[in-house]
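Read on for two forms of one protein chain; each stands alone as C-alpha coordinates, with the labels structure 1 and structure 2.
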Structure 1
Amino acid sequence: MSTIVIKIGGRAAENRESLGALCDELLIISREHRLVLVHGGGAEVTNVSRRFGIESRFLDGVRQTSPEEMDIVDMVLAGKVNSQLVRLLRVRGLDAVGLSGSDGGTFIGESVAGRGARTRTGEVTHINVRLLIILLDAGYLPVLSSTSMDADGNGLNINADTAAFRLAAQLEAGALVFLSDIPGVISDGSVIQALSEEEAKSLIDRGVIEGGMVPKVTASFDAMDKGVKKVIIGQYESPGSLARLLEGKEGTRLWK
(Lines of atoms letter the chains of each structure in order from A and count residues from 1; the text may use other names and numbers.)
(Lines give C-alpha, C1' and ligand atoms only; values in the text may rest on other atoms or scores of the structure.)
Protein backbone atom coordinates (compact mmCIF):
# COMPACT_ATOMS: atom_id res chain seq x y z
CA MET A 1 0.00 0.00 0.00
CA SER A 2 1.54 3.29 -0.97
CA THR A 3 1.26 6.38 1.20
CA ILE A 4 -0.30 9.64 0.05
CA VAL A 5 0.29 12.83 2.01
CA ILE A 6 -2.38 15.48 1.47
CA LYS A 7 -1.90 19.01 2.69
CA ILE A 8 -5.09 21.04 3.05
CA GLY A 9 -4.79 24.81 3.17
CA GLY A 10 -6.69 26.81 5.76
CA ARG A 11 -9.24 28.39 3.40
CA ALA A 12 -9.69 25.05 1.64
CA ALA A 13 -10.37 23.42 5.03
CA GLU A 14 -13.13 25.95 5.72
CA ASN A 15 -15.22 25.09 2.67
CA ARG A 16 -17.50 22.50 4.24
CA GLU A 17 -19.19 21.52 0.99
CA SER A 18 -16.05 20.63 -0.96
CA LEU A 19 -14.51 19.18 2.19
CA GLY A 20 -17.48 16.84 2.57
CA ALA A 21 -16.95 15.56 -0.97
CA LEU A 22 -13.22 15.23 -0.28
CA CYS A 23 -13.98 13.10 2.80
CA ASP A 24 -16.14 10.76 0.73
CA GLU A 25 -13.31 10.37 -1.75
CA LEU A 26 -10.73 9.88 1.02
CA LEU A 27 -12.84 7.03 2.36
CA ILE A 28 -12.62 5.26 -1.01
CA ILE A 29 -8.91 5.98 -1.51
CA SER A 30 -8.11 4.88 2.07
CA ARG A 31 -8.97 1.29 1.10
CA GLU A 32 -5.97 1.21 -1.21
CA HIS A 33 -3.59 3.80 0.26
CA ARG A 34 -2.25 4.91 3.59
CA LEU A 35 -3.29 8.52 4.04
CA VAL A 36 -1.80 11.30 6.14
CA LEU A 37 -3.37 14.76 6.24
CA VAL A 38 -1.51 17.94 7.13
CA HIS A 39 -3.42 21.19 7.38
CA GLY A 40 -2.66 24.90 7.40
CA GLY A 41 -4.83 27.74 8.62
CA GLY A 42 -2.85 30.84 7.86
CA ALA A 43 -5.79 33.06 6.91
CA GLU A 44 -7.65 32.28 10.15
CA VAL A 45 -4.49 32.90 12.24
CA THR A 46 -4.24 36.33 10.59
CA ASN A 47 -7.93 37.07 11.35
CA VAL A 48 -7.75 36.00 15.00
CA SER A 49 -4.40 37.76 15.52
CA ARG A 50 -5.97 40.96 14.26
CA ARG A 51 -8.77 40.60 16.82
CA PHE A 52 -6.09 40.49 19.52
CA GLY A 53 -4.40 43.56 18.06
CA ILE A 54 -1.52 41.67 16.44
CA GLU A 55 -0.71 42.41 12.81
CA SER A 56 0.77 39.36 11.05
CA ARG A 57 4.03 39.82 9.17
CA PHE A 58 5.24 37.73 6.25
CA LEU A 59 8.60 37.27 4.57
CA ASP A 60 8.56 35.47 1.19
CA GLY A 61 5.09 34.15 2.02
CA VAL A 62 6.19 32.73 5.39
CA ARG A 63 4.66 34.09 8.62
CA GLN A 64 7.15 35.74 10.97
CA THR A 65 5.68 34.51 14.24
CA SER A 66 6.21 36.56 17.42
CA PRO A 67 5.87 34.73 20.79
CA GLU A 68 2.48 36.46 21.25
CA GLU A 69 1.28 35.32 17.85
CA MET A 70 2.56 31.79 18.58
CA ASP A 71 -0.17 31.46 21.24
CA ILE A 72 -2.72 32.29 18.56
CA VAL A 73 -1.13 29.89 16.07
CA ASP A 74 -1.47 27.11 18.69
CA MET A 75 -5.07 28.01 19.45
CA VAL A 76 -6.15 28.27 15.84
CA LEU A 77 -4.17 25.48 14.18
CA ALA A 78 -3.73 22.78 16.85
CA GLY A 79 -7.07 23.83 18.40
CA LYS A 80 -9.81 25.01 16.11
CA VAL A 81 -8.76 23.93 12.61
CA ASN A 82 -7.45 20.52 13.68
CA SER A 83 -10.49 19.68 15.82
CA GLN A 84 -12.97 20.80 13.18
CA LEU A 85 -11.24 18.76 10.51
CA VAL A 86 -11.10 15.64 12.70
CA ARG A 87 -14.80 15.97 13.56
CA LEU A 88 -15.79 16.36 9.94
CA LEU A 89 -13.70 13.37 8.86
CA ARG A 90 -15.10 11.20 11.65
CA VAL A 91 -18.70 12.08 10.79
CA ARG A 92 -17.95 10.96 7.24
CA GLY A 93 -16.69 7.58 8.45
CA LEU A 94 -12.93 8.13 8.52
CA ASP A 95 -11.06 7.01 11.63
CA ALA A 96 -9.25 10.34 12.06
CA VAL A 97 -6.84 11.17 14.89
CA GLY A 98 -5.73 14.78 15.40
CA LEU A 99 -2.12 15.52 16.28
CA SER A 100 0.30 18.41 16.32
CA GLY A 101 3.92 18.12 15.28
CA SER A 102 4.89 17.94 18.96
CA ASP A 103 3.00 14.68 19.52
CA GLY A 104 5.33 11.71 19.65
CA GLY A 105 8.17 14.02 18.58
CA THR A 106 6.86 13.85 15.02
CA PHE A 107 8.79 16.95 14.14
CA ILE A 108 11.08 19.03 16.29
CA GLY A 109 12.50 22.25 14.98
CA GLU A 110 14.49 25.33 15.65
CA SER A 111 13.70 29.01 15.23
CA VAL A 112 14.73 30.18 11.76
CA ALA A 113 16.86 32.80 13.53
CA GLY A 114 18.69 30.15 15.59
CA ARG A 115 18.32 28.56 19.02
CA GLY A 116 16.96 30.93 21.65
CA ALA A 117 15.87 33.52 19.08
CA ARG A 118 12.60 35.37 19.62
CA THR A 119 10.88 34.52 16.38
CA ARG A 120 8.75 31.39 16.68
CA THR A 121 8.82 30.68 12.97
CA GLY A 122 10.73 27.47 12.76
CA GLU A 123 12.32 24.96 10.48
CA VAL A 124 12.26 21.21 11.00
CA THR A 125 15.48 19.76 12.42
CA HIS A 126 14.29 16.26 13.44
CA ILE A 127 11.52 14.16 12.11
CA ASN A 128 10.22 10.94 13.64
CA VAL A 129 7.33 9.10 12.01
CA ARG A 130 7.13 6.23 14.54
CA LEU A 131 3.81 7.41 15.97
CA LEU A 132 2.37 7.96 12.49
CA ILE A 133 3.38 4.46 11.42
CA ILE A 134 1.79 2.94 14.55
CA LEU A 135 -1.43 4.82 13.75
CA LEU A 136 -1.36 3.93 10.04
CA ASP A 137 -0.68 0.25 10.83
CA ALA A 138 -3.69 0.30 13.16
CA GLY A 139 -5.89 1.77 10.43
CA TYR A 140 -6.15 5.36 11.68
CA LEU A 141 -6.02 8.49 9.55
CA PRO A 142 -3.55 10.92 11.17
CA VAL A 143 -4.44 14.62 10.81
CA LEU A 144 -1.53 16.87 11.67
CA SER A 145 -1.23 20.56 12.34
CA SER A 146 2.21 21.96 11.62
CA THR A 147 2.66 23.50 15.07
CA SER A 148 5.60 21.99 16.87
CA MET A 149 8.28 22.63 19.46
CA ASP A 150 11.98 23.32 19.78
CA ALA A 151 14.52 21.41 21.87
CA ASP A 152 13.85 23.77 24.81
CA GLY A 153 10.13 22.97 24.78
CA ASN A 154 8.95 26.26 23.28
CA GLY A 155 6.19 26.36 20.69
CA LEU A 156 7.27 26.63 17.08
CA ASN A 157 5.32 27.51 13.97
CA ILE A 158 6.44 25.48 11.00
CA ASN A 159 5.07 26.28 7.56
CA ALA A 160 2.51 23.58 6.83
CA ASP A 161 3.74 23.10 3.26
CA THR A 162 7.24 22.40 4.57
CA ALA A 163 5.92 20.03 7.25
CA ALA A 164 3.94 18.16 4.60
CA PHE A 165 6.95 17.74 2.32
CA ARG A 166 9.16 16.53 5.17
CA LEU A 167 6.55 13.97 6.21
CA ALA A 168 6.03 12.83 2.62
CA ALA A 169 9.77 12.32 2.20
CA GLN A 170 10.18 10.50 5.52
CA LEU A 171 7.16 8.25 4.88
CA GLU A 172 8.46 7.54 1.35
CA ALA A 173 5.08 8.65 0.07
CA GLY A 174 4.12 7.87 -3.50
CA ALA A 175 2.37 11.22 -3.83
CA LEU A 176 2.11 14.59 -2.13
CA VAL A 177 -0.96 16.67 -2.94
CA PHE A 178 -1.39 20.30 -1.93
CA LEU A 179 -5.06 21.26 -1.81
CA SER A 180 -5.40 25.02 -1.74
CA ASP A 181 -7.94 27.68 -2.69
CA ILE A 182 -6.68 27.99 -6.27
CA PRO A 183 -6.99 25.35 -9.05
CA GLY A 184 -3.21 25.17 -9.51
CA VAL A 185 -0.22 27.41 -10.17
CA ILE A 186 -1.56 30.22 -12.34
CA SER A 187 0.29 32.20 -14.97
CA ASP A 188 -1.32 34.53 -17.53
CA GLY A 189 -4.73 33.66 -16.16
CA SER A 190 -4.57 29.90 -16.66
CA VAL A 191 -3.42 26.89 -14.68
CA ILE A 192 0.02 25.55 -15.60
CA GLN A 193 -0.43 21.80 -16.15
CA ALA A 194 3.22 20.82 -15.74
CA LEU A 195 5.70 23.11 -14.00
CA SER A 196 9.45 22.58 -14.15
CA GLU A 197 11.82 23.83 -11.45
CA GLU A 198 13.47 26.24 -13.86
CA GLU A 199 10.16 27.76 -14.91
CA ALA A 200 9.07 27.99 -11.27
CA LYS A 201 12.24 29.92 -10.37
CA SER A 202 11.65 32.35 -13.19
CA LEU A 203 7.97 32.83 -12.20
CA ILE A 204 9.06 33.53 -8.60
CA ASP A 205 11.67 36.04 -9.84
CA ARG A 206 9.03 37.76 -11.96
CA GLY A 207 6.56 37.87 -9.06
CA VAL A 208 4.01 35.70 -10.89
CA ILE A 209 4.36 33.15 -8.09
CA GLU A 210 4.20 35.06 -4.82
CA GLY A 211 2.93 34.97 -1.24
CA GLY A 212 1.87 31.55 0.06
CA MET A 213 2.54 29.95 -3.31
CA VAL A 214 6.31 30.47 -2.89
CA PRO A 215 6.80 28.06 0.08
CA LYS A 216 4.41 25.61 -1.60
CA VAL A 217 6.34 25.45 -4.87
CA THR A 218 9.65 25.35 -3.00
CA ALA A 219 8.41 22.50 -0.77
CA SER A 220 7.21 20.65 -3.87
CA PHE A 221 10.63 20.57 -5.51
CA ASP A 222 12.31 19.79 -2.17
CA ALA A 223 9.98 16.79 -1.85
CA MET A 224 10.94 15.61 -5.33
CA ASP A 225 14.63 15.98 -4.46
CA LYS A 226 13.96 13.65 -1.52
CA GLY A 227 12.34 11.00 -3.69
CA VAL A 228 8.62 11.84 -3.70
CA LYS A 229 7.76 11.08 -7.31
CA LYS A 230 4.42 12.75 -7.70
CA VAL A 231 3.72 16.27 -6.37
CA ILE A 232 0.55 18.12 -7.31
CA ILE A 233 -0.80 21.55 -6.42
CA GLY A 234 -4.51 22.14 -6.94
CA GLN A 235 -7.94 22.55 -5.47
CA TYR A 236 -10.70 20.25 -4.41
CA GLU A 237 -13.33 21.58 -6.81
CA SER A 238 -15.95 18.83 -7.13
CA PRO A 239 -16.50 15.13 -6.40
CA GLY A 240 -13.71 13.13 -8.04
CA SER A 241 -11.21 16.01 -7.86
CA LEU A 242 -8.66 14.05 -5.84
CA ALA A 243 -8.59 11.21 -8.38
CA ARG A 244 -8.33 13.74 -11.22
CA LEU A 245 -5.49 15.57 -9.45
CA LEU A 246 -3.65 12.28 -8.92
CA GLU A 247 -4.17 11.37 -12.58
CA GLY A 248 -2.88 14.74 -13.77
CA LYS A 249 -6.24 15.82 -15.20
CA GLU A 250 -6.56 18.77 -12.82
CA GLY A 251 -4.08 21.01 -11.01
CA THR A 252 -0.38 21.57 -11.57
CA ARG A 253 1.99 18.60 -11.66
CA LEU A 254 5.56 19.51 -10.74
CA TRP A 255 8.42 17.93 -12.63
CA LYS A 256 12.21 18.10 -12.83
Structure 2
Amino acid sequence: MSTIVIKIGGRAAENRESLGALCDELLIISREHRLVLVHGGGAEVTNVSRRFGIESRFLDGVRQTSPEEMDIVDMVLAGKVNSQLVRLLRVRGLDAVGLSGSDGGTFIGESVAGRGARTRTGEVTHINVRLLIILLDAGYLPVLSSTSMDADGNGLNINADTAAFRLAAQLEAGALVFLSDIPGVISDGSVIQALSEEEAKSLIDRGVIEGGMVPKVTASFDAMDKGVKKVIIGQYESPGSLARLLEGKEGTRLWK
Protein backbone atom coordinates (compact mmCIF):
# COMPACT_ATOMS: atom_id res chain seq x y z
CA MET A 1 0.00 0.00 0.00
CA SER A 2 1.29 3.45 -0.86
CA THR A 3 1.37 6.25 1.71
CA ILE A 4 -0.55 9.50 1.26
CA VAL A 5 0.35 12.51 3.39
CA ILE A 6 -2.48 15.03 3.73
CA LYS A 7 -1.94 18.49 5.16
CA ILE A 8 -5.16 20.08 6.40
CA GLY A 9 -5.36 23.84 6.81
CA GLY A 10 -7.78 26.75 6.51
CA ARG A 11 -11.50 26.13 6.89
CA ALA A 12 -10.97 22.41 6.23
CA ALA A 13 -9.19 22.23 9.59
CA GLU A 14 -11.66 24.42 11.49
CA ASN A 15 -15.17 23.71 10.17
CA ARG A 16 -16.66 20.67 11.90
CA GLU A 17 -19.04 19.89 9.03
CA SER A 18 -16.21 19.92 6.47
CA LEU A 19 -14.02 17.88 8.80
CA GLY A 20 -16.74 15.29 9.20
CA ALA A 21 -17.16 14.90 5.45
CA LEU A 22 -13.40 14.70 5.01
CA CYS A 23 -13.12 12.01 7.69
CA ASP A 24 -15.83 9.99 5.92
CA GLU A 25 -13.68 10.06 2.78
CA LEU A 26 -10.53 9.16 4.66
CA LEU A 27 -12.24 5.99 5.89
CA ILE A 28 -12.82 4.93 2.28
CA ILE A 29 -9.35 5.90 1.07
CA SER A 30 -7.68 4.14 4.02
CA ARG A 31 -8.80 0.80 2.58
CA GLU A 32 -6.28 1.19 -0.24
CA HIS A 33 -3.66 3.60 1.15
CA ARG A 34 -1.78 4.28 4.36
CA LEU A 35 -2.55 7.80 5.57
CA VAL A 36 -0.72 10.43 7.59
CA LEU A 37 -2.49 13.68 8.48
CA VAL A 38 -0.64 16.90 9.27
CA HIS A 39 -2.75 19.80 10.47
CA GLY A 40 -2.51 23.50 11.12
CA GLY A 41 -4.92 25.71 13.03
CA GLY A 42 -3.36 29.15 13.03
CA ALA A 43 -6.64 31.06 13.08
CA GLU A 44 -7.67 29.32 16.30
CA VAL A 45 -4.26 30.07 17.83
CA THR A 46 -4.76 33.76 17.05
CA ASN A 47 -8.25 33.75 18.56
CA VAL A 48 -7.18 32.03 21.78
CA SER A 49 -4.06 34.21 22.10
CA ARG A 50 -6.28 37.28 21.94
CA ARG A 51 -8.44 35.94 24.76
CA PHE A 52 -5.31 35.75 26.90
CA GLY A 53 -4.34 39.31 25.96
CA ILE A 54 -1.59 38.29 23.54
CA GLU A 55 -1.64 39.89 20.11
CA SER A 56 -0.16 37.60 17.47
CA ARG A 57 2.67 39.12 15.41
CA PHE A 58 3.45 38.19 11.83
CA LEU A 59 6.40 38.95 9.56
CA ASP A 60 5.90 38.29 5.84
CA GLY A 61 2.93 36.13 6.77
CA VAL A 62 4.91 34.02 9.27
CA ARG A 63 3.82 33.96 12.91
CA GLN A 64 6.53 35.30 15.23
CA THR A 65 5.82 33.03 18.17
CA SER A 66 6.78 34.46 21.56
CA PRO A 67 7.51 32.08 24.48
CA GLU A 68 4.13 33.11 25.97
CA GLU A 69 2.28 32.36 22.75
CA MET A 70 4.14 29.05 22.36
CA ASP A 71 2.15 27.76 25.36
CA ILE A 72 -1.04 28.62 23.48
CA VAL A 73 0.25 27.04 20.24
CA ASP A 74 0.85 23.80 22.15
CA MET A 75 -2.53 24.01 23.84
CA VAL A 76 -4.50 24.67 20.66
CA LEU A 77 -2.66 22.61 18.04
CA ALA A 78 -1.33 19.64 20.03
CA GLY A 79 -4.39 19.76 22.28
CA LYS A 80 -7.72 20.99 20.97
CA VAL A 81 -7.33 20.69 17.18
CA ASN A 82 -5.43 17.40 17.30
CA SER A 83 -7.87 15.80 19.74
CA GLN A 84 -10.86 16.93 17.71
CA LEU A 85 -9.46 15.32 14.56
CA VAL A 86 -8.63 12.08 16.36
CA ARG A 87 -12.14 11.83 17.81
CA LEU A 88 -13.80 12.47 14.45
CA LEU A 89 -11.69 9.76 12.84
CA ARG A 90 -12.05 7.19 15.60
CA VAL A 91 -15.83 7.48 15.76
CA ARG A 92 -15.80 6.45 12.08
CA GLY A 93 -13.76 3.35 12.82
CA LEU A 94 -10.30 4.65 11.91
CA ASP A 95 -7.46 3.86 14.32
CA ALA A 96 -6.26 7.46 14.60
CA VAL A 97 -3.41 8.36 16.95
CA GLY A 98 -2.73 11.98 17.90
CA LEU A 99 0.90 13.11 17.95
CA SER A 100 3.03 16.24 18.00
CA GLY A 101 6.38 16.67 16.31
CA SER A 102 8.03 16.11 19.69
CA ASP A 103 6.70 12.54 19.99
CA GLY A 104 9.36 10.02 19.08
CA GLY A 105 11.64 12.88 18.10
CA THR A 106 9.75 13.17 14.82
CA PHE A 107 10.90 16.77 14.43
CA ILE A 108 13.83 18.47 16.10
CA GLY A 109 14.45 22.07 15.11
CA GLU A 110 15.77 25.41 16.15
CA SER A 111 14.41 28.94 16.32
CA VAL A 112 14.52 30.80 13.01
CA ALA A 113 16.55 33.41 14.92
CA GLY A 114 19.13 30.85 16.06
CA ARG A 115 19.72 28.65 19.09
CA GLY A 116 18.80 30.26 22.38
CA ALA A 117 16.61 32.93 20.75
CA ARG A 118 13.29 33.84 22.37
CA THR A 119 11.40 33.53 19.09
CA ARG A 120 9.74 30.11 19.16
CA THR A 121 8.93 30.02 15.46
CA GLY A 122 11.21 27.25 14.27
CA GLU A 123 12.62 25.38 11.33
CA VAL A 124 13.29 21.65 11.09
CA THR A 125 16.90 20.52 11.52
CA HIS A 126 16.28 16.79 12.00
CA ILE A 127 13.45 14.40 11.16
CA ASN A 128 12.85 10.84 12.35
CA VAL A 129 9.88 8.91 10.97
CA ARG A 130 10.55 5.65 12.86
CA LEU A 131 7.53 6.11 15.15
CA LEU A 132 5.26 6.92 12.22
CA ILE A 133 6.41 3.83 10.32
CA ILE A 134 5.77 1.62 13.38
CA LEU A 135 2.25 3.05 13.65
CA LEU A 136 1.54 2.76 9.92
CA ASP A 137 2.79 -0.84 9.83
CA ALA A 138 0.46 -1.63 12.74
CA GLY A 139 -2.54 -0.16 10.90
CA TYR A 140 -2.79 3.17 12.72
CA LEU A 141 -3.46 6.57 11.17
CA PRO A 142 -1.05 9.18 12.63
CA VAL A 143 -2.53 12.65 13.11
CA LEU A 144 0.34 15.07 13.57
CA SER A 145 0.48 18.64 14.81
CA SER A 146 3.73 20.31 13.81
CA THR A 147 4.49 21.72 17.26
CA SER A 148 7.92 20.43 18.15
CA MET A 149 11.03 21.06 20.23
CA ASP A 150 14.62 22.20 19.99
CA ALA A 151 17.77 20.45 21.20
CA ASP A 152 17.35 22.07 24.62
CA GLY A 153 13.80 20.76 25.07
CA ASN A 154 12.04 24.08 24.44
CA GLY A 155 8.82 24.18 22.41
CA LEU A 156 8.93 25.19 18.75
CA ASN A 157 6.19 26.23 16.37
CA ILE A 158 7.05 24.59 13.04
CA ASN A 159 5.15 25.60 9.90
CA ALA A 160 2.70 22.79 9.09
CA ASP A 161 3.42 23.01 5.35
CA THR A 162 7.12 22.51 6.04
CA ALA A 163 6.35 19.56 8.30
CA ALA A 164 4.22 17.95 5.60
CA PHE A 165 6.91 18.39 2.94
CA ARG A 166 9.62 16.91 5.12
CA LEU A 167 7.46 13.97 6.22
CA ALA A 168 6.29 13.14 2.71
CA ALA A 169 9.84 13.17 1.39
CA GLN A 170 11.15 11.00 4.22
CA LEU A 171 8.27 8.52 3.78
CA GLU A 172 8.64 8.62 -0.04
CA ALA A 173 4.89 9.16 -0.18
CA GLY A 174 2.86 8.23 -3.22
CA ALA A 175 1.07 11.58 -2.89
CA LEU A 176 1.18 14.74 -0.82
CA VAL A 177 -2.12 16.63 -0.73
CA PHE A 178 -2.53 20.19 0.55
CA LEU A 179 -6.09 21.09 1.56
CA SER A 180 -6.67 24.80 2.18
CA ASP A 181 -9.00 27.63 1.19
CA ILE A 182 -7.39 27.96 -2.24
CA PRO A 183 -8.76 25.74 -5.05
CA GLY A 184 -5.31 25.37 -6.62
CA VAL A 185 -2.70 27.37 -8.50
CA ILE A 186 -4.59 30.08 -10.36
CA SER A 187 -3.77 31.81 -13.64
CA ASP A 188 -6.11 34.30 -15.36
CA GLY A 189 -8.84 33.43 -12.88
CA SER A 190 -8.79 29.70 -13.57
CA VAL A 191 -7.24 26.78 -11.72
CA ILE A 192 -4.29 25.19 -13.52
CA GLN A 193 -4.99 21.45 -13.54
CA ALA A 194 -1.40 20.29 -14.12
CA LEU A 195 1.81 22.24 -13.65
CA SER A 196 5.34 21.20 -14.56
CA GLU A 197 8.43 22.57 -12.85
CA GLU A 198 9.41 24.55 -15.93
CA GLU A 199 5.93 26.07 -16.24
CA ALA A 200 5.92 26.91 -12.53
CA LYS A 201 9.24 28.74 -12.76
CA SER A 202 7.89 30.79 -15.68
CA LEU A 203 4.71 31.71 -13.78
CA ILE A 204 6.77 32.71 -10.73
CA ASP A 205 9.06 34.88 -12.86
CA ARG A 206 6.01 36.57 -14.41
CA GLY A 207 4.41 37.17 -11.01
CA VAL A 208 1.40 34.95 -11.75
CA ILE A 209 2.35 32.70 -8.85
CA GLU A 210 3.09 34.98 -5.91
CA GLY A 211 2.99 35.36 -2.15
CA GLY A 212 2.75 32.24 -0.03
CA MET A 213 2.12 30.05 -3.06
CA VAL A 214 5.72 30.55 -4.27
CA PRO A 215 7.45 28.64 -1.43
CA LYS A 216 4.70 26.00 -1.50
CA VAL A 217 5.18 25.32 -5.20
CA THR A 218 8.98 25.46 -4.98
CA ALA A 219 9.03 23.09 -2.00
CA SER A 220 6.66 20.74 -3.84
CA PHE A 221 9.16 20.14 -6.61
CA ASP A 222 11.94 19.75 -4.06
CA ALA A 223 9.85 17.07 -2.30
CA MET A 224 9.38 15.26 -5.60
CA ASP A 225 13.15 15.33 -6.13
CA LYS A 226 13.39 13.51 -2.78
CA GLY A 227 10.94 10.72 -3.57
CA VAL A 228 7.37 12.06 -3.35
CA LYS A 229 5.50 10.80 -6.41
CA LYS A 230 3.06 13.70 -6.82
CA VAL A 231 1.88 16.83 -5.04
CA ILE A 232 -1.67 18.14 -5.23
CA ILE A 233 -2.80 21.58 -4.07
CA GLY A 234 -6.52 22.19 -3.70
CA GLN A 235 -9.56 22.93 -1.61
CA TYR A 236 -11.93 20.69 0.29
CA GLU A 237 -15.21 22.05 -1.05
CA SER A 238 -17.74 19.26 -0.56
CA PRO A 239 -18.04 15.50 0.04
CA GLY A 240 -15.97 13.72 -2.60
CA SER A 241 -13.45 16.55 -3.00
CA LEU A 242 -10.50 14.51 -1.78
CA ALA A 243 -11.18 11.69 -4.23
CA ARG A 244 -11.54 14.19 -7.07
CA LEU A 245 -8.25 15.85 -6.08
CA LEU A 246 -6.44 12.51 -6.09
CA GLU A 247 -7.96 11.66 -9.47
CA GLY A 248 -6.84 15.00 -10.96
CA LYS A 249 -10.41 16.25 -11.46
CA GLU A 250 -9.95 19.19 -9.07
CA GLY A 251 -7.06 21.28 -7.80
CA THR A 252 -3.58 21.53 -9.28
CA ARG A 253 -1.32 18.52 -9.74
CA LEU A 254 2.38 19.32 -9.84
CA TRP A 255 4.57 16.98 -11.85
CA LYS A 256 8.16 16.58 -12.99
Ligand SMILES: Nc1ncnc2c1ncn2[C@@H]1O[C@H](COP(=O)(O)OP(=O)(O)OP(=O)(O)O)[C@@H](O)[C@H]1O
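Each residue is numbered by where it sits in the sequence of structure 1, with counting from 1. Rigid core (definition): largest C-alpha set, two forms, superposition within 1.5 Å. All figures in this text were calculated on a predicted structure; none of them were measured in a lab.
In this pair, the copy labelled structure 2 belongs to the form predicted alone.
Once the rigid core is overlaid between structure 1 and structure 2, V185 counts among the residues whose Cα shifts by 2 Å or more. After superposing the rigid core, the C-alpha of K201 moves by 2 Å or more between structure 1 and structure 2. Relative to the superposed rigid core, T218 undergoes a CA displacement of at least 2 Å between structure 1 and structure 2. For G227, the Cα shift between structure 1 and structure 2 is 3.1 Å when the rigid core is held fixed in the overlay.
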